[in-house]
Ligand SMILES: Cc1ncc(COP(=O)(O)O)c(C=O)c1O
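There is one chain below, alone, in structure tokens, taken in the form predicted alone.
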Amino acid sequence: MRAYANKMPKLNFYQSTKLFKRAQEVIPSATQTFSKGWTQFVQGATPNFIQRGEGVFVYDVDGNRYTDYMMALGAISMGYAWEPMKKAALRQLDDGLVFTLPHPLEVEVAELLTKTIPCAEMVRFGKNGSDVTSGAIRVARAVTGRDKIAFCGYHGWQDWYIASTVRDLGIPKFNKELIFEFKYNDIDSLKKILEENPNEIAAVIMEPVGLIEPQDNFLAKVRDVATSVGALLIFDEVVSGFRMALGGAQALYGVTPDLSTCGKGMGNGVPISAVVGKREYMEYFDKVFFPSPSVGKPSPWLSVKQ
């Protein structure tokens, strides 16, 4: 290992270091996203800024080239600067991006998602994962008339979820009383939450798969338990969607939730996401407030003819 390390090229981070010092003066933590921040990487071994990407490669502000195994925290699935996407985006720029009324692409992409994702009978678009997971939670609460949530995994930055983490400054304390974490592949931990909060759980929301796969029919058991107490089952497929299978983990494992969310792999870097689900629940979006601010058109590359 030491011999291999000695062969590693010595990288120049001169411009990256200068830019980082400037960023510290005008940007809290010098980053817009915690996961991209300097605290998450080994200083001196990785740059602080990426200038551009092409395929699986990225180039920092000093011109060093890297293979990006993280692919923009999972947002890039087709590669950086994917040619069909570039052409589609440029065509869309000629027509404009945001309008006063809906655009035909919204219908086209919604129809495509209903044909692709098992639980999808209707679709509502958002801009990011936090948008749609929070929208799904709001619908579940509206449908059931309940407030409490059982969760497993990471579900975005909104108050309802972040209250369960250590980064809970600025969040009203009542949120902590409404959210309960169960353990992956441990159905008894979920049952315990439901038993201790009878007729109070609006939704069971979870990432259907993460670093480890479900064991002993875990997802099917979660499906059955949620149904038995009248809670909606929500699969957060912002990460797994279109990766595990075209229809997501729900298609791969054959377990259909009531609602599901998708995002990262959907846009290849374009800010777009969606809540999808069964019609009887999705129709509640006619009643709850979910504005999807500034969504003018779904990602233009989604209409690219392959």
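Here the structure is a predicted model, which is why all the values come from computation and not from measurement. Heads up: residue numbers just count along the shown sequence, starting at 1.
One more form of this protein should be noted, the form predicted in complex with this ligand, which is absent from this view; the next part is about it.
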- Just one of 169 to 177, 147 to 155, 96 to 104, 82 to 90 has heavy atoms within 4.5 Å of this ligand in the predicted bound form; which? 147 to 155
- 4.5 Å heavy atom contact with this ligand in the predicted bound form for all of Arg124, Ser260 and Glu280: no
- Note on the structure: The one residue among Ser164, Asn197, Asn128, Thr116 placing a heavy atom within 4.5 Å of this ligand in the predicted bound form is Asn128
- Message: To verify the annotation, which of these, Val255, Val239, Met266, Val58, has a non-hydrogen atom within 4.5 Å of this ligand in the predicted bound form?
- Response: Val239
- Message: I'd like to check something about Glu213: if you look in the predicted bound form, is any of its heavy atoms closer than or equal to 4.5 Å to a heavy atom of this ligand?
- Response: no
- Query: For Glu181, is any heavy atom within 4.5 Å of this ligand in the predicted bound form, or not?
  - Reply: no
- So in the predicted bound form, does any heavy atom of Asp159 sit within 4.5 Å of this ligand? no
